[in-house]
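Given as structure tokens, the chain that follows is alone and in the form predicted on its own.
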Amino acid sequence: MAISTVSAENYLRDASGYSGEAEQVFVPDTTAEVRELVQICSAKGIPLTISGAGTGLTGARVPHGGYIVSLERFRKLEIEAGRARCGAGVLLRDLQAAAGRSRQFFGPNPTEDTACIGGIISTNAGGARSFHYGSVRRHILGLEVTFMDGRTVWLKRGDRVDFPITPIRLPATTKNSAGYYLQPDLEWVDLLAGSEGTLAIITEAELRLQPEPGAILSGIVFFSADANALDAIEAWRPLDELRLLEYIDVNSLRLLRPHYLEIPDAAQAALMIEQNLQSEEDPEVDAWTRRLSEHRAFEEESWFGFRASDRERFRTFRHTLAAMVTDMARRTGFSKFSTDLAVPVSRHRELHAYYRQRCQEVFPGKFTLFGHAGDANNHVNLLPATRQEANRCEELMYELAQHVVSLEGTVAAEHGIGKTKIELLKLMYSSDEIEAMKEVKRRLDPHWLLGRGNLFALA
């Protein structure tokens, strides 16, 4: 086989710290080489795991033996009016930069901008702007994929799955990346988005782009009481063209203060916002002065701006927090204990209270709570210091997931199930619903070679 190979060392772990093993890593240049690799694996019964950029948090790209295929050389990137054609290995930040040069942007905005396009499709990723634009699935116009029978096909929006499926229940949430999207009149792009590298190898995608608005107001709003921030979330969620609504708790602000001395000393919570406007003179600008006063926010000490550099500064503020939590987990040597749970927006405040109560009872001061408040998808991060605490973390994570399912929520809003959350999938779906997913897997990968260990436990 003439396909390029590389050392496996950099492909055996993801951002969660989950690790595995593989016999060899292949880095194809063309779809013909992808087909060749698939045919060899199918003929010899060799498991094949698709490797993304390694930013995932569920072990989906981490192999349990067999071969790895990395699509990092699939870097085609063409921008047109309203759409982008890009290879699976294109990084999200490169797509956004290229789109920005034509005054366009890709609606979803996963927090980690070094994620690759194939990866964000495979998990149906969301991010901060999914509150307004929805998750990645909604923005896919077409996919080039190679199936395990060796076929490479282009599937466009509107192409229906050509075999029978059994529809399953969906949670009453605004986003969901737990299991296969099995709904009536199912389209191929909707099935493959969120399938976590278990049904086909995505090598190229056509994605919808949005035109830039006349102006974008962005800001970090600080509050002296958590309750005021929660009131503001409920009041601001329906605002016209509000495209981002993020929450940051007091423990998170405490972590960030050494890096951001300008955070108000009395701040107990913060919200990050972005709103599309007609221009910088839009009446909405003045309306924010009233909103800050109504909800007792820090009017003078909150941060606002219209420039792209302001948005990047605020994005870095939020991303620094996520990176710090990940680094703290890595330095302890334990897996990252972070939730990706979401509930219907009407249950957001109820879930928030439950999170605060249980985390404070079990890990006082050793947790953070931040994330996508607009989608009722805040992330709990537990920060254990000992093995005993890590074991208790595992128990609490399961308990939180049980509670979310009881509220008609999802156990994976945007990160997927991968290999680390298989037991949580069983909380959310019945055995019959999981069997309906497995039937699709058997149809497209009868020998269960592709993405082995993702979504479903190994037999």
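Numbering starts at 1 and runs along the sequence shown. No experiment lies behind these values; they were computed from the predicted model shown.
Just so it is clear, the following notes concern the form predicted together with a small molecule, a form of the same protein that is not shown.
Student: Given that the partner is absent here, state which listed stretch (155-163, 230-238, 254-262, 197-205) has heavy atoms within 4.5 Å of the small molecule in the model of the complex.
Tutor: Partner-contacting stretch among the options: 197-205.
Student: Quick one: is T410 in contact with the small molecule in the model of the complex, heavy atoms, 4.5 Å cut-off?
Tutor: Judged by the heavy-atom cut-off of 4.5 Å, T410 is well away from the small molecule in the model of the complex.
Student: Residue-level question: is A53 within 4.5 Å of the small molecule in the model of the complex, judged on heavy atoms?
Tutor: Contact check for A53: yes, within 4.5 Å of the small molecule in the model of the complex.
Student: Is there a non-hydrogen atom of K421 within 4.5 angstroms of a non-hydrogen atom of the small molecule in the model of the complex?
Tutor: Because no heavy atom of K421 falls inside 4.5 Å of the small molecule in the model of the complex, the answer is no.
Student: Considering non-hydrogen atoms and a 4.5 Å limit, does the small molecule approach A322 in the model of the complex?
Tutor: Contact with the small molecule, yes.
Student: Pick from L71, A84, L245, V221: which has a non-hydrogen atom within 4.5 Å of the small molecule in the model of the complex?
Tutor: For this set of options, the contacting one is L71.
Student: Only one of S338, S302, S335, T326 comes within 4.5 Å of the small molecule in the model of the complex by heavy atoms, so just point that one out.
Tutor: When the small molecule is considered in the model of the complex, the option within 4.5 Å is T326.
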